[in-house]
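Okay, here we've got a single chain as structure tokens, the form predicted on its own, with questions on binding and movement later.
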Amino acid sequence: MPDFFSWQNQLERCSESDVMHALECAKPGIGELSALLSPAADRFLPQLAARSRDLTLQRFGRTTQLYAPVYLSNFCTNRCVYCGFSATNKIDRKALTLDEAEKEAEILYRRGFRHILLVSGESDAIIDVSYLENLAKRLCSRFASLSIEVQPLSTEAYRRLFAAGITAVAVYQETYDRELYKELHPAGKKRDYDFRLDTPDRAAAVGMREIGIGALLGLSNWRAEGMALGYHLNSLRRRFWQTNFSVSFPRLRPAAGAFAPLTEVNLKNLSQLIFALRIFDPDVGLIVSTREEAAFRDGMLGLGPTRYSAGSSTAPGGYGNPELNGEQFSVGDHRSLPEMAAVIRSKGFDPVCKDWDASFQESTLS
């Protein structure tokens, strides 16, 4: 991974003619991505949106996949200064038993979800590989895909989880700015920048169907984070060409600890980042979660994102008991799956709750 600040220098050097070349380029590389993310591209946002819309329609048709997270635990051994789950925050802590986690997933199943994301704070003593393995075995016959967003694990751990029915792993670097990363992660295993950076490699190496990466927006320069994301994605594609990849764009939300964003990332900036990544990699899945408000999510339909969460709770046990405290962050869009699906249809697109079947993974394992 090149030095983070070298990205910033490259971005500042881009001209409007570089942007126009990148918009017309059949196979954009890192140089073209820098043009699309640069300050010089700010006034070309309508052209970026149009190019992104055309590529999204060409590669993904009119489908938008819907999913929901299941929060398993908010215990965490890390002290990330921006996170509501930080070990230093005084919040109600809860870890679901396997039965409780299955009940939460069952609620989502009855609501119509077939893709779910299992999420937890990073604590090996609370949510370990055996827990995830056993939960996956309980759920995999009912859900089309099970993804995890938990602490970085070893290659052997990912191999066990893949065999148990986990199909995808999401792990966000938070910031690719190595120096800032040190400041924001003062204690806990998460301090190891390189172990986290190499996590997608370990998960992809065992055959996981999809790997999700991302940066938490509001920590460092969003344009440089976009460059690092593109470089990371490109590097993973070269080595794991059979794996699907997705990119999420989480912006900081109000949470316990009251951490204030270090840098502004407004909706125009977020849009430019999404459009630039789509143009750079037309096949990558792009996710906009319920962190964002309804108006923005509705406006982005068809322009680049291919997957939305809906009806989300970010507290362990929050579907069975919506009054529970201990959420990771406050949700920006509270609409249910039927409400979100209706909006997608009204825009001329097809809401999809299942685009994968476990039998495909079984054939891979045989």
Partner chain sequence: MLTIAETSFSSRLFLGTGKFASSKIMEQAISASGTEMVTVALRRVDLSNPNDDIMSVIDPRKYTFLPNTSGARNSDEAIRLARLARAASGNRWLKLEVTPDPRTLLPDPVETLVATEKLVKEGFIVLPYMNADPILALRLQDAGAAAVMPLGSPIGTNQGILTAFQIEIIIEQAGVPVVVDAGIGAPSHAAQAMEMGADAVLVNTAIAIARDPIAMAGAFAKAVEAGRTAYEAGMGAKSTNAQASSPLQGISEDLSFL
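Positions refer to the first chain, counted from 1. Predicted model only: the values in this text are computed from it and were never measured.
Not pictured, yet referred to below: the form predicted together with its partner chain.
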Of 315 to 323, 33 to 41, 297 to 305, 61 to 69, which is the one stretch near its partner chain in the predicted complex, taking non-hydrogen atoms within 4.5 angstroms as near?
-> 297 to 305
Heavy atom within 4.5 Å of its partner chain in the predicted complex: which of F275, F249, Y176, F85 fits that? Just give me the one.
-> F275
The listed residue (V206, I107, L262, L267) that reaches within 4.5 Å of its partner chain in the predicted complex by any heavy atom is L267
Decide yes or no: are S73, K94 and E100 jointly within 4.5 Å of its partner chain in the predicted complex, with each residue judged by its heavy atoms?
-> no
Quick one: is R53 in contact with its partner chain in the predicted complex, heavy atoms, 4.5 Å cut-off?
-> yes
Though only this chain appears here, would R238 touch its partner chain in the predicted complex if you measure heavy atom gaps against 4.5 Å?
-> yes
4.5 angstroms heavy atom contact with its partner chain in the predicted complex for M340 = no
Interface membership of C25, its partner chain in the predicted complex, 4.5 Å heavy atom rule | yes
So which bits of 40 to 75 sit within 4.5 Å of its partner chain in the predicted complex, heavy atoms only?
-> L45, P46, Q47, A49, A50, R53
